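Coming up is one lone chain in structure tokens, specifically the form predicted alone.
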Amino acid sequence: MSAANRPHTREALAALPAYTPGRTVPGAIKLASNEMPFPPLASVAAAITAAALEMNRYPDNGAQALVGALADRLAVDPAQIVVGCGSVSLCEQLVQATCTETSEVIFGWRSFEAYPIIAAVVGARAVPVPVTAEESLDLDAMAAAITPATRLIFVCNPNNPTGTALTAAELETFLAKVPSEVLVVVDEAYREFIDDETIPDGVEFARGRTNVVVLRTLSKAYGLAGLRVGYSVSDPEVAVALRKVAIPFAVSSVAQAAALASLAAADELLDRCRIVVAERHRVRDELIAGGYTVPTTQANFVWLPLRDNAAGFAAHCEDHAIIVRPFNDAANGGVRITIGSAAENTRFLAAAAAWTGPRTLS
């Protein structure tokens, strides 16, 4: 078929980068996708099995039981909660609900790589704002980037992939600079791994503010990456808009059952997070002792700002049967390493110790 006879697709899609997930390589340890290293709890597996027996029925489109459980846990009105197919699907719904081709979406860079892709899908202009020398979101610069065309600002806290996090005071100051008609999305996918008390609970910022949305996920701390369940907390009118642009039945009945069982077992799952946090400290301390630059992290990963050496370091790790996640560019590239089990982390540290390339920015 000639090019002239092919179906028409949007020309802008040709320049749209594809989302790059962490790779899975048979026989290698995967530390590339920020997954939990633990298997599902028996109670969660049982709930999944029971729900699977009714796969001939559509799921509850509003996920009402899950919404109710989340509302009770967070002490918010159920009307403020929207459940989606992972928090990234809610990112897309937020852009769809607020933006057109004349709109702008602000986010830090480097931050979650889906932000510019999602903005471009609807034709909105992505406005990446460089992170600071400490690999943190530059809130002053993000506030300065706001224009009359700005409709949405993504604030990833802790930030993916750098792991750095904002304090309550920093976020409060920033929100005071944002016009009330601009929606601020506080993306807290890694909230459960925070051990610094100065880092805020985003839900508290959403209380009484109509222009703050908080995103969370059960993919990370709750170990449901393969089932895709996320949720938002926002002003009820924003929640109504999000539901209008949602794909019907996007969260399966199996995923909803698993999420409910996971919330019921939250104490046990959060104990697992504390194990990961302890390992995070060990990994970071050993990397720093080995001469690496490693920003303070509050997530379930560490970040090595290796810039244009990122691809080489990742290839070196793969030679040692460790798969990490490189972000390849000279300006703000680096390597993100998920915290795995103690044995997996020890294997990674051995590979990192054997790296003969640059380890620091200085």
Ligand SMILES: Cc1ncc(COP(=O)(O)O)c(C=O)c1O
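These numbers come from a predicted model, not from an experiment. The numbering used is simple: start at 1 and walk along the sequence shown.
Although not depicted, the form predicted in complex with the ligand is the subject of the following passage.
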Point to revise | Interface segment, criterion being heavy atoms within 4.5 Å of the ligand in the predicted bound form, picked from 267-275, 191-199, 204-212, 108-116 | key: 108-116
Practice item. Determine whether any heavy atom of Ser219 comes within 4.5 Å of a heavy atom of the ligand in the predicted bound form, and answer yes or no. Key: yes
Check your understanding: Is Arg228 one of the residues lying within 4.5 Å of the ligand in the predicted bound form, judged by heavy atom distances?
Key -> yes
Point to revise | Exercise: Ser87 in contact with the ligand in the predicted bound form, heavy atom 4.5 Å | key: yes
Practice item. Give a yes/no on whether Ile81 approaches the ligand to within 4.5 Å in the predicted bound form, heavy atoms considered. Key: no
Check your understanding: Pick from Val238, Ala258, Ile153, Cys156: which has a non-hydrogen atom within 4.5 Å of the ligand in the predicted bound form?
Key -> Cys156
Review point. Which one of Ser103, Asn160, Gln96, Ser136 is close to the ligand in the predicted bound form, taking close to mean a heavy atom within 4.5 Å?
Key: Asn160
Revision key, fill the gap. Restricting to 260-295, the residues within 4.5 Å of the ligand in the predicted bound form through any heavy atom are none
